Structures are given as structure tokens and as C-alpha cells.
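Take a look at this one chain, the form predicted on its own, written out in C-alpha cells.
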Amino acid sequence: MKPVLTKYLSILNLCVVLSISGISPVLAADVNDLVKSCADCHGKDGASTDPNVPIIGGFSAPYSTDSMIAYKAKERPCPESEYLTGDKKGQKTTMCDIAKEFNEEEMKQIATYFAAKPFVRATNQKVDPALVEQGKAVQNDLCVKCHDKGGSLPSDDSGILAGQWMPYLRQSLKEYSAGDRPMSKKMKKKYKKLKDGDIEALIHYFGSFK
């Protein structure tokens, strides 16, 4: 086969693959540029190795898009974190500062990129078996309608809780409890029913997934 024809077919095959995945060739290149610095905090393909930074690979695109919009509007708390790798390693930043750099269409592209990646559960998390059982009961009683299958389904559009980093979950629930992070009316109604110790039990339950 002639070299020119071989090159043409290779490009054509790439275009077909990208079209099947729902990403145009031009858009694919743009997405790679947009997500380049995300790995410096969230890890390769969103598989965070920092217990204070959430694993985002596998989150549904609508959930991630809404999260970034909320950060940009400063509707969610934005604690400081450090770049773990890359040119800005050691420098501090916040998700509010990062989100303001993108428009909504770019946010959707970033979210779609990470939605196609696997959710890699956190490892070596220490859990209390008794709290795990308590948390499972609380989850099944109060949370299951929005966080089915132990909070493991991207299709819930509520993030993925099963196997998420426990320190990150603890910080998020602390923000909810303090009223710093907005909740839907449905969630607020359920959240008010939590008893002393239920929050920590939920953290251990979600952290127990491997």
C-alpha cells in the first residue's frame, strides 16, 4: 500500500473512532489542552492520589459541569490545595480560581472527558467495621434514592461516593453541616434526620468500598 494512502487511512480511522465516541477530532485536541493541568491536582485521568482532592474520573458529565459552574460562581467553598505535579508544583490554588478560567462550553468538554474515564477507588483507607455497618444502615434509610448502590452509580448525577477519599468526604460533609455548601431541598430534608455519629459512619461506609 502506498505511504500516502496508508497515512490517509490512519487519519480516517482516527476520525471514525472519535466520531463513535462522540468527540470530534478538533474537539479532542481542544479537550487535551483544557485538561492538561487538571492532572496536576486530580491525578492522571482524575484518579486522585491526594486524600484531600476528590477522585473525579467517572463522574457524570452533568454533575462535573454543575460543580464547576458552582465553583465559578463561588457557590461552593473553595479550600486551598497544592499542585502536586507539573510546572506549578507546590503552588497553591482553589477550584474557584481555576473554574473562572473556563466558559460553560469548555466546562462541558472537560466534564465529558473525565466522564469517559474510570473511577479508580481510593486505596489503603482505614475503616471501623462497626461504623461501616452503621453507615450502611443510614445510607439505605436516608440516602439510597439519590445515591443508589452505595453511591457508586455515575448515572445518579450526584458524584461517586463509594471508594472516594475519606478526608475529602469529611470536608464536604463538614461544609454541608455548616451551611457553606448548598443542598437541594430533598437532600436538606434527609440531612436534618442524621443523628450524632451518622456522618462519620457514612464516611467509613463509603470509604470501605475497594
Ligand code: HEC
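Bear in mind that the values here come from a model prediction, so they are computed numbers and not experimental data. Note that residue numbering follows the sequence shown and begins at 1.
Keep in mind the form predicted together with the named molecule is missing from the figure; the text below concerns it.
In the predicted complex, every residue of the candidate spot (Ser64, Ser67 and Lys190) has a heavy atom lying within 4.5 Å of the named molecule.
The partner is absent here; in the predicted complex, the one residue of Asp30, Asp157, Asp45, Asp148 having a heavy atom within 4.5 Å of the named molecule is Asp157. Contact annotation for Leu153: none of its heavy atoms lies within 4.5 Å of the named molecule in the predicted complex. Mapping the unseen interface onto this chain, Met95 counts among the residues with a heavy atom inside 4.5 Å of the named molecule in the predicted complex. When the named molecule is considered in the predicted complex, Glu82 lines it closely, a heavy atom lying within 4.5 Å. Contact check for Gly179: every heavy atom lies farther than 4.5 Å from the named molecule in the predicted complex. Annotation for 43-69: interface residues with the named molecule in the predicted complex are Asn52, Val53, Pro54, Ile56, Phe59, Tyr63, Ser64, Ser67, Met68 [heavy atom within 4.5 Å].
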